[in-house]
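Encoded as structure tokens, the following chain is the form predicted alone, with no partner shown.
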């Protein structure tokens, strides 16, 4: 089984992945080490990852967790999208010293559920967990339930932060 933990930066992916007790790969580190980075986009202030290169390097991996804000793109049996209220996320990204433009870009992506939508287009087993409601330990417990086939109530498409966007305008 290939489990992909994805979500906007700051939603808890790395922390949760490390607590599952499973082998996991941080795809940012993996892409860098495997030569799958194509450079740096100054306007987006982020590295450019060659997803096709990454898929080729990961094709033989099984019984593993892939973790990154783009892990849902590498071929997954189950995708778990960690979500967080943009209000909470804003503070987390500020504490990471993201600049205002990068914060807003990520808040907008989170508010409209961009990663969830992308995930649902490529996989039938997509789940969402709101890490602003559930703590880390509870999120890990929920992920284990999902893996065991007991997480139907966490199927993607139920989390909606659109009301929060309206407050911005």
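Keep in mind the model is a prediction, meaning the values are calculated, not measured. Positions refer to the first chain, counted from 1.
Keep in mind the form predicted together with a small molecule is missing from the figure; the text below concerns it.
Heavy atoms within 4.5 Å of the small molecule in the predicted complex are found in exactly one of 42 to 50, 58 to 66, 29 to 37, 127 to 135, that being 127 to 135.
In the predicted complex, at least one heavy atom of residue 92 sits within 4.5 Å of a heavy atom of the small molecule. Within this chain, residue 119 is remote from the site of the small molecule in the predicted complex, having no heavy atom within 4.5 Å. Using a 4.5 Å cutoff between non-hydrogen atoms, residue 87 does not count as a contact of the small molecule in the predicted complex. Among heavy atoms of residue 15, some come within 4.5 Å of the small molecule in the predicted complex.
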